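Presented below, as structure tokens, is a lone chain in the form predicted alone.
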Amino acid sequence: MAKSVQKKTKRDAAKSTGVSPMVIRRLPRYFRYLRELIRNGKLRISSGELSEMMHVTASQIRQDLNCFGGFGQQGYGYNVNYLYAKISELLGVGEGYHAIVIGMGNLGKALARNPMFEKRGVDIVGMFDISPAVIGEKVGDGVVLPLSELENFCLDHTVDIAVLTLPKEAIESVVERLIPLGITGLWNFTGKELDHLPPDMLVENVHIGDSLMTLCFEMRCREKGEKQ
């Protein structure tokens, strides 16, 4: 991959907003809990009540939300519907982003069928692979296309996000093809860090194994503590 371009990281994006990356990472949790509150008919909530649900201190919740204007009223708390709408706006839920999935193995198919995209306002508009075994297969509401059609497809469709679930050895050549197509977001499940991207391209590297190892570490620490 060309070395003359610069990587654009989530930390760079956080700097551009002046908000801590840790605060940004907590926003999706607020989104999920508030959505559940709305489902349960809850109209108002205090930072203390939200703290008990999320296991984050009430002070931290107030600090987080104050980064974006606060949204609460002293003595009243937070209007759940209003706060949910504002956080949805911050997270781009209403932006109507369009995504493609590249690599339609087990993980790619599972993601393509997952309703989380629709719930978060992202529409999967295309799926691609190089294997004749899956090309033409119906997955969810679409059909898997050959990767050779990637460029033509992106010329005819608006694509904002590429979900990458292909083998890690193929990632760099595919990203090279994505760069000139105007795709500005990569959701990378390949396990390979992407480190030389154009400044206008953001990447979220997802390491499922890291999450598993974190769980194993915490279980081991608890077991050792119980033995002591």
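Start at 1 with the first residue shown and count on from there. Heads up, when I say rigid core I mean the largest set of C-alphas that superpose within 1.5 Å between the two forms. Please read these numbers as outputs of a predicted model, since none were measured by experiment.
Although it is not shown, the form predicted together with another copy of the chain is what the next lines describe.
Of the stretches 22-30, 42-50, 171-179, 57-65, only 22-30 has residues with a heavy atom within 4.5 Å of another copy of the chain in the predicted bound form. Interface membership of A110, defined by any non-hydrogen atom within 4.5 Å of another copy of the chain in the predicted bound form, is confirmed. A residue is said to contact a partner when one of its heavy atoms sits within 4.5 Å of a partner heavy atom; V122 meets this definition for another copy of the chain in the predicted bound form. Residue contact with another copy of the chain in the predicted bound form: Y97 places a heavy atom within 4.5 Å of it.
Although the partner is absent here, I161 sits close enough that one of its heavy atoms falls within 4.5 Å of another copy of the chain in the predicted bound form. Contact annotation: of the candidates L186, L34, L197, L166, the single residue with a non-hydrogen atom within 4.5 angstroms of another copy of the chain in the predicted bound form is L186.
Taking another copy of the chain as it sits in the predicted bound form, the stretch 81-95 comes within 4.5 angstroms of it through a non-hydrogen atom at E89, L90, L91, G92, V93, E95.
Comparing the forms between this form and the one not shown, the C-alpha position of R25 differs by less than 2 angstroms, with the core used for superposition. After superposition on the rigid core, the Cα of H207 moves by less than 2 Å between this form and the one not shown.
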